[in-house]
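So this first bit is one chain, no partners, the form predicted alone, shown in structure tokens.
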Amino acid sequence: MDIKVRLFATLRENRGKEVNLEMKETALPRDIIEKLDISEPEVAILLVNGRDGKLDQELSDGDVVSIFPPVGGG
């Protein structure tokens, strides 16, 4: 199945802004972050098709997964 992954801020370094991945039939967002070499603590916000997502949520063909790192500022 095809999954579009959108990365933000520091997660784009050496990965790009948007990645299209071919995943197995029963893919989870956890599988995507492992494939992209992103550790779980680096994931502050996870969206699936623009809605709040979970790392163990089952994905469907054509889903869009957006991953945001923790952001600090003042």
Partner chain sequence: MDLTQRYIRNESMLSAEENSRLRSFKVVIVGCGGLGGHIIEQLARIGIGHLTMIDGDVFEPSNLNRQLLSHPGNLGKPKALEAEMRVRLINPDVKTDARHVFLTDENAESLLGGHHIICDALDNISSRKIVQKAAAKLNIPMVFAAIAGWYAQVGTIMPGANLLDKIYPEGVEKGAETQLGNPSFTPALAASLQVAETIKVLLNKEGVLKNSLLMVNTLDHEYQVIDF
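Numbering follows the first chain given and starts at 1. No experiment lies behind these values; they were computed from the predicted model shown.
Below, we refer to the form predicted in complex with the partner chain, which is not included among the displayed structures.
> With the partner chain left out of view, choose which of Asp61, Asp56, Glu22, Asp52 has a non-hydrogen atom within 4.5 angstroms of it in the model of the complex.
It is Asp52.
> Using heavy atoms and a 4.5 Å limit, would one call Val43 a contact residue for the partner chain in the model of the complex?
Val43 belongs to the contact set for the partner chain.
> Which residues from 1 to 26 come close to the partner chain in the model of the complex, meaning a heavy atom within 4.5 Å?
Sequence-ordered list: Phe8, Ala9, Thr10, Arg12, Glu13, Lys17.
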